[in-house]
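Here we start with a single chain on its own, the form predicted on its own, put down as structure tokens.
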Amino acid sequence: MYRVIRIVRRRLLQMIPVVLGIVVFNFALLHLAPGDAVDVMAGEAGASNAEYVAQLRQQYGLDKPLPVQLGNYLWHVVQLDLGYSYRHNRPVLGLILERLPATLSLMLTALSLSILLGVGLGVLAAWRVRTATDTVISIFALLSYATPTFWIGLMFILLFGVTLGWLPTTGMESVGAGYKGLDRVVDIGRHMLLPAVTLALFYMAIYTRLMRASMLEVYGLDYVRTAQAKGLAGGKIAFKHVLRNALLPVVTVAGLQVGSLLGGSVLVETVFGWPGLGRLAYDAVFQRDFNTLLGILLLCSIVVVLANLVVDMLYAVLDPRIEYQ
């Protein structure tokens, strides 16, 4: 146990230069884009006076050289101060923490659905390889992978929201309903179902194809052939001897795709009006609210690095032969 804690502590220390490099890169990249928050604010105020624009830039510290701005930003980040959102007139950290639960709940739900469905369908396809079941699952996975996520979301809204009226199509919960306790949980679940399934389908297709290929590869190993020669049932071989080893590639890809899952939430949250970090990042881009956007990117990078740390730990659980490095 002490060894595991020591290794986790070392990995967390290794995160520091990685996150620092990401912060510097994102800061430089965003400030290379034309325009800033002052241009947007001046345009909305209808004031193009150069003196007024210069006054705003001085007020928000945007008149200083870029290296000085970067140094100030890094110093504030070390103190857990992500700056001030000029658009929302409040600290960025509080704004992000307010939106974070919505995004995490959507992301974790979509990730769980995609892994459970992908692994289940992949195992079934490998178990019934070269049958009608395998063909149907493969076609479904291919269609889910090839269809744009935004189109799936719009079709879900049209079918289940507009035509059938079964599920709500926007927001996180019913505004003004006053639900409490279990009723509120059910209401949030109904709002989350469509965006979570929309986000999960693409990744479910990847895990299905990957799990099927991994299962078929493991089926060809010697120890599985020995189990088959002993007359063990097909189901017992699949779940006891094959599944555990076949899960390793899926776990690897799932860890790597946490970042793209967060990126996909931007589109899904925009389509369904989900009040999370994705929608906040989308608005921040058009409003040139760089502090908010940098804070979101920083948080996402930390989540991705932590997710890969968890994946490394899961390796040893799934395969005891893998040692912690």
Partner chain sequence: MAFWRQYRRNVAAVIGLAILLVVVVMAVSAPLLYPGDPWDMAGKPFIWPFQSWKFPLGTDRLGRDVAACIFHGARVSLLIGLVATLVAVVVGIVVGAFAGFYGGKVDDVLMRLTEIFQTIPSFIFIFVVVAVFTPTVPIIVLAIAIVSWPQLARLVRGEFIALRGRDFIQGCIAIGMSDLRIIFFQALPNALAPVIVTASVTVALAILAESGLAFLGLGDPNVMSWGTIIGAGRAVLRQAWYLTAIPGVAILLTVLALNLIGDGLNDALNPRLRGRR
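Positions refer to the first chain, counted from 1. What you are looking at is a predicted structure, and each value in this text was computed from that prediction instead of being measured.
Omitted from view is the form predicted together with its partner chain, to which the following refers.
Heavy atoms within 4.5 Å of its partner chain in the predicted complex map, among the stretches 85-93, 114-122, 149-157, 189-197, onto 149-157 alone. Contact check for 99, 106 and 311: none of the three has a heavy atom within 4.5 Å of its partner chain in the predicted complex. Under a 4.5 angstroms non-hydrogen atom cutoff, its partner chain in the predicted complex lacks residue 183 among its neighbouring residues. None of the heavy atoms of residue 12 is located within 4.5 Å of its partner chain in the predicted complex. Contact annotation for residue 145: at least one heavy atom lies within 4.5 Å of its partner chain in the predicted complex. Taking the partner from elsewhere, residue 68 is found to have every heavy atom lying beyond 4.5 Å of its partner chain in the predicted complex.
Contacts to its partner chain in the predicted complex (heavy atom within 4.5 Å) from stretch 255-273: 259, 262, 263, 266, 267, 270, 271.
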